[in-house]
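Single chain ahead, by itself, as structure tokens, in the form predicted alone.
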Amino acid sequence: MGYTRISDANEITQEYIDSILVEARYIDSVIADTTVSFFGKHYAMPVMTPAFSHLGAYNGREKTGLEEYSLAAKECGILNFCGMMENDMFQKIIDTGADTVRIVKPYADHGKILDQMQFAEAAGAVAIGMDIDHIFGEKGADIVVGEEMAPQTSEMLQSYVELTKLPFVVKGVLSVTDALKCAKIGAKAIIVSHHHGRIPYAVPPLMVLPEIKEALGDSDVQIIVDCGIASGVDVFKALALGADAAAVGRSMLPSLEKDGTEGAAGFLRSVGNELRYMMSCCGFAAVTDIDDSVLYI
């Protein structure tokens, strides 16, 4: 049987995550505390929702999937993220009461970027940001649901940082180069991600994560990681490699689709419970204690 090339970044990412093994340290360990601080606020665990877009109502239910998982985030006491949508939909998410970060697309229509960011701040978002890995498509600029995207310069990103009093988040960082640029422009957080395999052979976020963490050094930029995060063990590995938090993604969708807010909340709690179990078994009492000394890569 001949060699078959695998360009699917999601498969490469999953194989990398699963290749990381963990040692146990039971003696003198305690039941771990998963609480964290982000953007000056306290949350129950370093598990976050993904910046989903365009989720309609599942199984004839009244609320959209976007509203349902936002309610789940509030119920679980975690930070919520949302992606591409119009302002009226974002208002519905804010109305759930969840602490929410709005991630705006890199629209070619610069006015739309400014409008959505300003609306988010006025509506009560915890932070705002931009999704930089949706800039390019196969034929040039990306087209997302009929909307044309455009390249973003460091100067443009810095202008968004200066536009708002809220913390600014850059989603789609997958290199030390971009991470350092984000720190320089004043971003308060980055999401290390390849956006579910938008480029072939993308480096797994957890593989590049330690280099990004080291490069950022003592900066105040917080690091979130996503792609392939489906369990508390995955979150634990991400934290051990340098992340401050991890976002679940498509792994939440089956529970959300089937049982709405209750299903999403149940899934999120199970991830958090497994994270606490792993921390306790590895001798880490608090999230800030976790390091890579228990990992075998």
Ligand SMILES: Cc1cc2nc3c(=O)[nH]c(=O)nc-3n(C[C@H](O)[C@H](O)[C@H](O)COP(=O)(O)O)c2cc1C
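Don't overthink the numbering: it's just position in the shown sequence, from 1. Since we're looking at a predicted model, the values are computed, not measured.
The form predicted in complex with this ligand is left out here; the points below concern that form.
Asker: Applying a 4.5 Å heavy atom distance criterion, does A125 contact this ligand in the model of the complex?
Answerer: Contact with this ligand, no.
Asker: Though only this chain appears here, would S53 touch this ligand in the model of the complex if you measure heavy atom gaps against 4.5 Å?
Answerer: Looking in the model of the complex, residue contacts with this ligand include S53, since a heavy atom lies within 4.5 Å.
Asker: How about K213 - does it come within 4.5 Å of this ligand in the model of the complex, if we only consider non-hydrogen atoms?
Answerer: Taking the distances in the model of the complex, the answer for K213 is no, it never comes within 4.5 Å of this ligand.
Asker: May I ask you to check whether P204 falls inside a 4.5 Å heavy atom distance of this ligand in the model of the complex?
Answerer: No, P204 is distant from the partner.
Asker: Sort through L174, A73, A187, C227 and report the residue having a heavy atom within 4.5 Å of this ligand in the model of the complex.
Answerer: By the 4.5 Å criterion, the partner-contacting residue is C227.
Asker: Heavy atom within 4.5 Å of this ligand in the model of the complex: which of K63, R269, K258, R250 fits that? Just give me the one.
Answerer: It is R250.
Asker: Just one stretch in 162-170, 219-227, 109-117, 92-100 has heavy atoms within 4.5 Å of this ligand in the model of the complex, so which one is it?
Answerer: Comparing against this ligand in the model of the complex, the contact stretch is 219-227.
Asker: Does anything in 75-100 come within 4.5 Å of this ligand in the model of the complex by heavy atoms, and if so which residues, in order?
Answerer: Read in sequence order, the residues that approach this ligand (within 4.5 Å, in the model of the complex) are G83, M84.
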